[in-house]
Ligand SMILES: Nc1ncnc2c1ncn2[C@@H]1O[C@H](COP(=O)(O)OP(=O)(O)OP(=O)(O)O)[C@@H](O)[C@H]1O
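Shown here is one chain on its own, the form predicted alone, set out as structure tokens.
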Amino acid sequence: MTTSALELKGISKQFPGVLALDNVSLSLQKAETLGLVGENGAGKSTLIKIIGGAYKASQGKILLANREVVFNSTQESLEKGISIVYQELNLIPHLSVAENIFINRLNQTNGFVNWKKLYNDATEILSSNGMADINPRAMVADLAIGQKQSVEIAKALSYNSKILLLDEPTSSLAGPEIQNLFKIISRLKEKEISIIYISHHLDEIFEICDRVQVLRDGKNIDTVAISETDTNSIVSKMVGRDIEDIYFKEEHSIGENILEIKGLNDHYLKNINLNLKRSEVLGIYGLMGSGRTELLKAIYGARKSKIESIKLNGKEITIKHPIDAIKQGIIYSSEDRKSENLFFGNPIWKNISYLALQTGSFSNYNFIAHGSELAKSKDYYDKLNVKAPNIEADVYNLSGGNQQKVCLAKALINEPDIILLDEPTRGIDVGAKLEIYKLIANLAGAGKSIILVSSELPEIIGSSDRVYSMANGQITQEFIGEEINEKDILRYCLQKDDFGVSA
């Protein structure tokens, strides 16, 4: 009889009015990496919280090495060798790496910490799991995001865990950091550690996983070996319909230049020259730290920069503040939904109308026309098919995909001609991504011009009419038509010298 590292049988979870999981089963083998995928609301988070002891199943069994177990707390799950690394890292910035790893188990003798043993133990865990480049004495606050992710994994492994659950582990990582994480995962598999890998990024699932399990609406849909499936098949199972093409780049007429920027400089951006055409999707790709976001914010007036010349429809304009940009028909949607784009604790309609209010769109003799504000917000709420109980719902309670739709509605209600989209699909499921790709294509087809920044190169290639690569605060190359390919774009994103490329 084959012994599974972990097995779930007929797991269901009932919340008041909601059946979150419906008879879900799962089998994880020793030294296996099992991908777990599904749209937001599919039941992935509920399932891992049951495995981790945060929730108790309404029915069903959990088996470890063919023996039934019951977890009444997260501590009980941890003691049985199961650790979870969540998307939001749980580290204390002002403590050292070693202190974070052993935060609840600092070795004390007569009330004092045995610092030598603490650092030796941390060094052993880090080096034995492919993380020897991390100094156990370093402050977590001083680490790069990829190193922080590694510390979180080391912390989990310090409990001698044999089963590791990784929830969206690459959501904040750049390309090289992702590859380093994959090396760590391969090392863990060699040590016969079993991993459940949860991600919206199917390319990662296909690169690192042995099998993939698909959930939809709280139910098992399929579990299949990676070698026996492909991306389109998995996407179809996730969304419940056939997907001919993930992206929606459609043929449309591209006009003359609508935006021309020359000589944009600041303390990081160097001699940026670019042009954007009417009805064009212009993709900008670069690794983390390349200056992608800084460039969009500079165009929008949200970053102090010097610009030699900026022309809109051939006429010189000045943008000193985001309000100036909005009045010129330029809008920016930030990559950071939580901190820069949404106001949690407020209803959907107030989030949608916020920027329009700043420009006086609903003002009448210094009074706000709330009826018009609500009606127009409802119009864009409907156009973007936001899924919520109603427009009065708190935006905090929406799924990531629907929060992103609210962000886009907040931008589009201003009826801009130029839309600056920074990571519009970050942290959302495949179904919501498909809707946003289609929206981008439809906007371009309707005459809108879009600058699209994304850390997902396939997304840039699949959605853009033209692409700029960036590195070290500079545009390094322009790609058109058949030139738009992964190999060449990456090559120009990895160079380190001064480019001085003029768009």
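Residue numbers here begin at 1 and follow the sequence given. These numbers were taken from a predicted model, which means no experiment stands behind them. By rigid core we mean the largest C-alpha set that fits within 1.5 Å across both forms.
Beyond what is shown, the protein has a form predicted together with the ligand; the following relates to that form.
Query - Contact test in the predicted complex: E335 vs the ligand, heavy atoms, 4.5 Å - result: Flag for E335 set to no.
Query raised in the report: Taking 4.5 angstroms as the cut-off for heavy atoms, does I480 touch the ligand in the predicted complex?
Result: Contact check for I480: no, nothing within 4.5 Å of the ligand in the predicted complex.
Query raised in the report: Taking the shortest heavy atom distance, is K433 within 4.5 Å of the ligand in the predicted complex?
Result: Judged by the heavy-atom cut-off of 4.5 Å, K433 is well away from the ligand in the predicted complex.
Query raised in the report: So in the predicted complex, does S399 come within 4.5 Å of the ligand, heavy atom to heavy atom?
Result: The answer is yes: S399 has a heavy atom within 4.5 Å of the ligand.
Query - Contact stretch among 56-64, 42-50, 467-475, 440-448 - heavy atom within 4.5 Å of the ligand in the predicted complex - result: Stretch with heavy atoms near the partner: 42-50.
Query raised in the report: Heavy atom within 4.5 Å of the ligand in the predicted complex: which of K155, H200, R292, K410?
Result: The residue in contact is H200.
Query raised in the report: Pick from E423, E177, E373, E168: which residue has any heavy atom within 4.5 angstroms of the ligand in the predicted complex?
Result: Of the candidates E423, E177, E373, E168, E168 is the one lying within 4.5 Å of the ligand in the predicted complex.
Query raised in the report: With the core lined up, does the C-alpha of L21 move 2 Å or more between the shown form and the other one?
Result: After core superposition, the displacement of the L21 C-alpha between the shown form and the other one reaches the 2 Å mark, so yes.
**Report entry** Core-aligned CA displacement of N346 at least 2 Å between the shown form and the other one
**Finding:** Shift at N346: below 2 Å after core fit.
Query raised in the report: Once everything's superposed on the core, is Y86 shifted 2 Å or more at the Cα between the shown form and the other one?
Result: Yes.
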